[in-house]
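Just the one chain here, the form predicted alone, laid out as structure tokens.
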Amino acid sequence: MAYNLLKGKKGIIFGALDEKSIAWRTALRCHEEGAQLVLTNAPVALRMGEINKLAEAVNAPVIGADVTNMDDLKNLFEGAMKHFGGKIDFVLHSVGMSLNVRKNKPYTEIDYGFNQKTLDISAMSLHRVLRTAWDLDAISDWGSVVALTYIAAQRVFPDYNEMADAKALLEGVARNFGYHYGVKKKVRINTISQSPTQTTAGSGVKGFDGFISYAEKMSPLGNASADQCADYCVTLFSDLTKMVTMQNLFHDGGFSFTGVTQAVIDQMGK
């Protein structure tokens, strides 16, 4: 059901790889709620993914951008503003990549060169995106930026590896830039800490299927789906959440504040 929550709003969606991705589902919901969109991803992801299918569904252009390249990001924001004929109202940052995870290196033996790239792509890219928008005055007053994160930023999940550090840094960037952008332009910046979600990116984490099952049992409401996360993103892009900023918002069915559930106790007793 659509409520026209984003009617007249214009946004950029980073990171829609395929139909499983949260960014993809969010783009569909934003379109359904009346938003105009520009889609973007890294050039290699554009070749690997199916973003043109999404672009057709939501009637949006695709502008490729390497999130570690300031020239690419400048071209993206300038191209988006030209397409929209004005400023941008919201941005979704759904970007993450770990070279050490890809290379199966344990956390205690990470390659520091790989680690630098992981942090640059997965966390400091948010700073680059915000800096570019700041310099170009590209986001409307009271605009909204949302980045996707995970509770491993606060708690230890051994196989999440260096991505836990990347998510902690990402959340720090959101808070700190959120202060400055709020003071200057009333732009709000938040992170959503989502349930483990069966996406192409998530499936690359060792033991992910088992953890999804565990999280389902540990969450009073169960795991939040990609479509439900998309719904939450829509509310944060809308005018209904104008005074919400600098927050890390758990969207995980209650997992984050549950010590143990009867379902887990029963499972352990078997």
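A residue's number is simply how far along the shown sequence it sits, counting from 1. Everything numeric here is computed off the predicted structure, so don't read it as measured data.
Here the subject shifts to the form predicted together with a small molecule, a form of this protein not shown in this document.
A heavy atom within 4.5 Å of the small molecule in the predicted bound form is found for exactly one of Q194, T118, N161, T191: Q194. Out of the listed residues A80, V95, V129, A138, V95 is the one that sits within 4.5 Å of the small molecule in the predicted bound form by at least one heavy atom. Only one of 171-179, 142-150, 107-115, 129-137 lies within 4.5 Å of the small molecule in the predicted bound form by heavy atoms, and it is 142-150. Looking at I12, you'd find every heavy atom of it more than 4.5 angstroms from the small molecule in the predicted bound form. The shortest heavy atom separation between D66 and the small molecule in the predicted bound form is within 4.5 Å.
Using a 4.5 angstroms threshold between heavy atoms, F208 counts as touching the small molecule in the predicted bound form. Looking at A42, you'd find a heavy atom of it within 4.5 angstroms of the small molecule in the predicted bound form.
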